[in-house]
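Listed next as structure tokens: two forms of one protein chain, kept apart as structure 1 and structure 2.
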Structure 1
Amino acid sequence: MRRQTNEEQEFNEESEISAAGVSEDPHAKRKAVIPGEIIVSGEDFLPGEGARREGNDIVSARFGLAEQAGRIVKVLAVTGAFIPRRNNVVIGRVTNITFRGWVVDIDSAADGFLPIEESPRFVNKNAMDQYLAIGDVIAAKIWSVGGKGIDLSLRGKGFGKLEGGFIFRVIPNRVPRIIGREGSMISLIKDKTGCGITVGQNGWIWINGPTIEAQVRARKAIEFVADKVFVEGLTEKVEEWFEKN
């Protein structure tokens, strides 16, 4: 269903998610925790996602990374399936074309749907495959998640058809670590390899660089980060990795 005008205004007024995805809280502190482990004690703290209060304690409700930002304490999962949310950046593949738009596989329980109205330029309804064909890979933003499905949009910087390069997958819950605080980690990898990189919060990552070697190096660096989500001082370790590789 087409968005109403006030929703369009809200969408356009929100800060754009860059090609790297969303950034993390730069003031957050993290540690690995297991279910039932006490993260912090005191009435001043409030449990967020993945945490709960037990008496005077905030305890972990799952295995992951405990993050404390201000008074809020939450636990970031490091395993599990992608759960689509509004404003998520995703990478998907076009699987079907209807008279209203494109069906997109975003590696979720439900397919995404890109209405023709959500393309950034005019598209001829009689030649939609000239704009996006079955098999094309796109970066898009989720603007609605509801009972009828997941609606996508290409409006905004960095969204659209991804050409050249290649895509690969990581565990979706590790995407925030790959992006880094305020985009620091993915920016480091881009700078070191000279590659363009788009990170989807559904775990799919697109890399396009000046050479095959640069693209492979970027992928290995990202996989290095994904394998070490519990390590402190990871930025320094990635810099050391680049020096050795």
Structure 2
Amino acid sequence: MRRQTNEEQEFNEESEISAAGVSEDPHAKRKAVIPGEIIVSGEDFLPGEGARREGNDIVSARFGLAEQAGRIVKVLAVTGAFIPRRNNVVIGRVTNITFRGWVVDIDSAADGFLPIEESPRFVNKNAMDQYLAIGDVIAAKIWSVGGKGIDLSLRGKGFGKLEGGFIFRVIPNRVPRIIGREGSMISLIKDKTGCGITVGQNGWIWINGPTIEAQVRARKAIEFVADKVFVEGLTEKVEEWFEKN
């Protein structure tokens, strides 16, 4: 099962993350809502993620931005901890090594586990830290979220051990804005800074670039985007930011 799906999937953070169910539709109407608040009334509307129907009303099931696109009304979370889902791209840090694989902190309620068979190259079972040592950082995909934990995979392009640069954290629910519509935002930041950037859906972001200045600039640009929850025309604002910074 898992082999098939993984072989088929290329590592493409933009398309994958937009496929995770978060749209950045520029024409959608948005407003701040709190849990239990009526967003719209009427039989014409359908509750999407983060919303539910109560009689004639569509009611918010969480705090966030209500978005009405066509008939679908949903509430996008803007804050909160990372909730792992299958096929999420995550960045994690090795915290332990067992005889079966690596325990990886992915900043969620359960540790990630990377089985030894998932290593893209041969690993000597007696010297597993030669491939991944404690404190090393990987980009991985979640291939299952179960009662016993979260299993990670490195199969696919772009996954594996990360070297150089640094990682930092943003609020995970801001990741879709950082990626942008079809990856437009992150591409803009990469172009302007010349840095390689991998965005984990757990909110951990890896930046590696030609100079310290470029890397710091890329981080600041991402933090600028992450801070703007409720801004229209964010792309223009980021372009302006790059003019000034």
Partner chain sequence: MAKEHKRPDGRGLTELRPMTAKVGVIPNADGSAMFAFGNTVAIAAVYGPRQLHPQHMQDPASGVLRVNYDLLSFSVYDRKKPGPSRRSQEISKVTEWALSPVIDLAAFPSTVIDVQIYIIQADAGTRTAGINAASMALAHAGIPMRDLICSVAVGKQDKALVVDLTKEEEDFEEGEGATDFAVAKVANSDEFTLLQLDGKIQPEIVKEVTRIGAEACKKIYEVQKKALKEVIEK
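Here, rigid core means the biggest group of C-alpha atoms that superpose within 1.5 Å across both forms. Each residue is numbered by where it sits in the sequence of structure 1, with counting from 1. Fair warning: this is a prediction, and the values are worked out from it, not measured in the lab.
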Next item on the list: Name the structure that is the form predicted together with the partner chain; the other one isn't.
Entry: 2
Note to self: Based on the rigid-body movement between structures 1 and 2, can you say which of Glu37, Arg52, Ala77, Ile167 lies at the hinge?
What the structure shows: Ala77
Next item on the list: Treating the chain as two rigid parts, state the angle between structures 1 and 2 by which the smaller one turns with respect to the larger, in whole degrees.
Entry: 23
Check: How many Å does the Cα of Glu67 travel between structures 1 and 2 when the structures are matched on their rigid core?
Finding: 3.4
